[in-house]
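The chain that follows stands alone, in the form predicted on its own, written as structure tokens.
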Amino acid sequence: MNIIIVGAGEIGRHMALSLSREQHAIVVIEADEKVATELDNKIDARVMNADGASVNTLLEAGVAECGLFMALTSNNNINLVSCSMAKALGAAQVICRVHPGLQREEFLFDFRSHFGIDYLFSSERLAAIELAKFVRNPHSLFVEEIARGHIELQQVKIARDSGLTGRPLREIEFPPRVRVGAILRGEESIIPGAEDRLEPGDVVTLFGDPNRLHEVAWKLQSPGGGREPETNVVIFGGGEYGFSLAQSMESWNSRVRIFETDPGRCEYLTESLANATVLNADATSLAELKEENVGQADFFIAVTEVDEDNVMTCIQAQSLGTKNCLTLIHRADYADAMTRFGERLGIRAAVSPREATRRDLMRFVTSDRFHLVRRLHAGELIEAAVQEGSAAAGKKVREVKWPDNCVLMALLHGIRAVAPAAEDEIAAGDHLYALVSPKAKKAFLKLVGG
């Protein structure tokens, strides 16, 4: 695949190095001569020391034959302009990295359509989503975000007295657009129908709206399906990572406190967040952690720009009794070390923005008719674009004869994604996410293919 990357900072360099190992034709455009030279000595790819927002540069890089164009600098304007030009010059798919503040303005202005962008993201929000998975679903066997983070998958083990067992699925009142995608019962994998029943000990894969899904997961895992307890969360750092994380938890049953040393930033956070307590305090101070009873928190999450402070405050919080400590790690070498040794220090997980971004963007790097999102016990979770003239295009979900052992998990239309319902219409260009058994895969791809 021909791939052009604009920007060789931490995110761009990590993507370039990862992709170059997979036999893709890579061109990296970097304006800083020193950074370009350093990367050129490390990578088997073409590195251009040039302006990524220049028409001449893009043409010289071969943008007209580009299958995937990614603007990954830290500058919104450069990324938006270079993406817009790349699309106009013939790039097949265009991906743009932006500041999370701009991404939050998408409901006011359609940046994607205006600039011809196929996918717009912020690395801060992707890292926040990764951290939030641990908080929202501490007892789930795994959690996966699909359809640009709008749909979530959770795998949970059903408690003996959950209260939802023994009845056909059609009789269980799940929240709107929350469903059961698969059941693992002993060694048997089941893609269930309306008459299938849940049994104690089953491992169930749920999918749907992230804000509603955790309620169902709790009822399945909790004996008697009682009320979900409030989660006590402390966030160290009120920058964009902390803000995005706190914002993602506003609809949860949680108590959120944010430690931030900048008084001006504290004022902004207080005005912007409805359900968080903002403290003008320094979490690197053991005395202040004790004063705020951080040891009683369910989660302590360190998300400042300083990796050393993040790790040390987690160790302090853990020593005070905090149940779970999570940290953000920016430097590549630190992230690798924390992945291997973090649990020994009492840190449950370390999230790297560069790695969260790489995982998210890799689904665009394929020449196949579909993208494999994840292998599950019941089959493969795949993503496929609906082609013009296909059997599914222009029809409602209920009008398509889907193959047996195929469950639609998400319908992505532009920036909107839902767990599909019978009356939802499927349009050419939409992306469908489906859990398919090996026998159903070929038939599903035939329905959505041209």
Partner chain sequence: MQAVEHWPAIVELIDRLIEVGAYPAGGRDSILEALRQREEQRSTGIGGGIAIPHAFSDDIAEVTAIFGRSLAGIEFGSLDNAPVHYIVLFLVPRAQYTLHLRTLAAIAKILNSGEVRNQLSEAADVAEILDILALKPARV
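Not measured: the values here are computed from a predicted model. Superpose the two forms; the largest set of C-alphas matching within 1.5 Å is the rigid core. Residue numbers count along the first chain shown, from 1.
The protein also exists as the form predicted in complex with the partner chain; that form is not presented, and the subsequent description refers to it.
Though the partner chain is absent from this view, in the predicted complex it lies within 4.5 Å of a heavy atom of just one residue from Gln247, Ser123, Ser162, Asn324, which is Gln247. Proximity to the partner chain in the predicted complex, defined as a heavy atom within 4.5 Å, singles out one entry of Arg179, Arg255, His150, Arg197, which is His150. Remark: Phe341 does not count among the residues lining the partner chain in the predicted complex, judged by a heavy atom distance of 4.5 Å or less. The partner chain in the predicted complex is not approached by Lys395, whose heavy atoms all lie more than 4.5 angstroms from it. Shown alone here, Gln103 lies within 4.5 Å of the partner chain in the predicted complex, counting heavy atoms only. Although the partner is absent here, Ile415 sits close enough that one of its heavy atoms falls within 4.5 Å of the partner chain in the predicted complex. Relative to the partner chain in the predicted complex, residues Asn2, Glu38 and Leu59 are all farther than 4.5 Å at every heavy atom. Note on the interface: of 183-191, 352-360, 108-116, 85-93, the segment with non-hydrogen atoms within 4.5 angstroms of the partner chain in the predicted complex is 108-116. Contact annotation for 384-407: no residue has a non-hydrogen atom within 4.5 angstroms of the partner chain in the predicted complex. In the core-superposed comparison between the shown form and the other one, the C-alpha atom of Gly149 has shifted by at least 2 angstroms. Once both forms are fitted on their rigid core, the CA atom of Asp424 lies 2 Å or more apart between the shown form and the other one. Glu240 shows a C-alpha shift below 2 Å between the shown form and the other one [criterion: core-superposed Cα displacement of 2 Å].
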